[in-house]
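Quick setup: one chain, the form predicted alone, written in structure tokens, and binding and motion questions come after.
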Amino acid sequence: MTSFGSHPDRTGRDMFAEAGLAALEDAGVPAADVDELFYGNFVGTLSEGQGHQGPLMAEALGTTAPSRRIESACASSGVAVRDAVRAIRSGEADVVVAGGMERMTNMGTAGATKGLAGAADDLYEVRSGVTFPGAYALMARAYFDEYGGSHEDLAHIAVKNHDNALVNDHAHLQQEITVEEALGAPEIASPFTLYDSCPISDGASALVLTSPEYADEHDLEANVAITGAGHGGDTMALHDRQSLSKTPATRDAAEEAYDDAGVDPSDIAIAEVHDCFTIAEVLALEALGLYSHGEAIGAARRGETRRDGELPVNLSGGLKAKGHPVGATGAAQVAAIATLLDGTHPRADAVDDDATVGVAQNAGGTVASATVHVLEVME
């Protein structure tokens, strides 16, 4: 990964080259061995005026391997990772680079907000003035109406994730906050204040995935493997959904990933989930089956999802504090779980020594699309 934050003097290809070349070096894999590149990006044609980014990013890594840009809003590189897993399992590829990049701070707050709104239904939502803070605020209010909870419960999530990011040098916001500061921050969309929202970030991430046969043949040490991958979908517009307090796209992706890996929610030791807004962490934990509906809202306040809790969530800082360069987020979550499980992440000391299974959940838009990946320590 690059650091996530504001990088006004860098280009997208520069950031992806940093992440991708670092991943290749870490893996001990030469660029010449890359069979394919799956690259996630959402607003590059707006933020940099650059289309056809797949071959451009492959070239930045020193290869002309076949490549494609994958766009699934905030789930773009999550889908890229899943497609890479499928390409390797099919036998069509032995080495795939999967990742993504987003450069948004140069668009300004208004420009980035407009660009991100393209992940909602333009005809029925965007033209009526819906932005993502407003859309997720509607989901939060629906959750409170159905299950209870309060803005203070959400504030504890923000405080937890900011605290996790303090030692993460890749994080956008290495800033400690209190519950009182989160509650008293400027209101964005009721019930949200500023600290319920993730920042607008620039950054890139990349993974090198190989077949087991390639790893064995080249004496590569792979301590962690993706053993389960799932992809789910839902309607775009909120008004077409049966419930605003549930996210069936994540539920379906999780069920597919768990079945693929041969695990169930009780096996999960750590999780990185898509907390673009604090309520999104709650919705994700419940859709992943890690909590019953109505129970995850108080998990951070009770200490259960803190780094010393039973189920540490977003030890990287999450989107909330690590940052959210949209196209880079999904692959960055998988990278976080991998390094947490193999002990090389700055928050790895919060992971139990006997932890062997982690999960990464990446969502697009108001969870109209979602990916879930199960990672396991290899014996």
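Sequential numbering from 1, following the sequence displayed. Just so you know, these numbers come straight off a predicted model, no measurement behind them.
Same protein, other form: the form predicted together with another copy of the chain, not shown, and the subject of what follows.
Student: Picking from 308 to 316, 58 to 66, 335 to 343, 349 to 357, which part of the chain touches another copy of the chain in the predicted complex when contact means heavy atoms within 4.5 Å?
Tutor: In the other structure, the partner sits against 58 to 66.
Student: In the predicted complex, do T45, D83 and D121 all put a heavy atom within 4.5 Å of another copy of the chain?
Tutor: Answer is yes for this spot.
Student: Could you tell me which one of S150, T178, T235, N223 places a heavy atom within 4.5 Å of another copy of the chain in the predicted complex?
Tutor: Exactly one listed residue reaches within 4.5 Å, namely T235.
Student: Can you work out whether S90 and another copy of the chain are in contact in the predicted complex, taking contact to mean some heavy atom pair no more than 4.5 Å apart?
Tutor: Contact check for S90: yes, within 4.5 Å of another copy of the chain in the predicted complex.
Student: Applying a 4.5 Å heavy atom distance criterion, does P30 contact another copy of the chain in the predicted complex?
Tutor: Residue-level check for P30: no, no contact with another copy of the chain.
Student: Is there a non-hydrogen atom of I70 within 4.5 angstroms of a non-hydrogen atom of another copy of the chain in the predicted complex?
Tutor: Yes, contact at 4.5 Å.
Student: Would you check, heavy atoms only and a 4.5 Å threshold, whether H231 touches another copy of the chain in the predicted complex?
Tutor: Because a heavy atom of H231 falls inside 4.5 Å of another copy of the chain in the predicted complex, the answer is yes.
Student: Go through 359 to 373 residue by residue and record those having a heavy atom within 4.5 Å of another copy of the chain in the predicted complex; state none if no residue qualifies.
Tutor: In sequence order, G364, G365, A368, S369 come within 4.5 Å of the partner.
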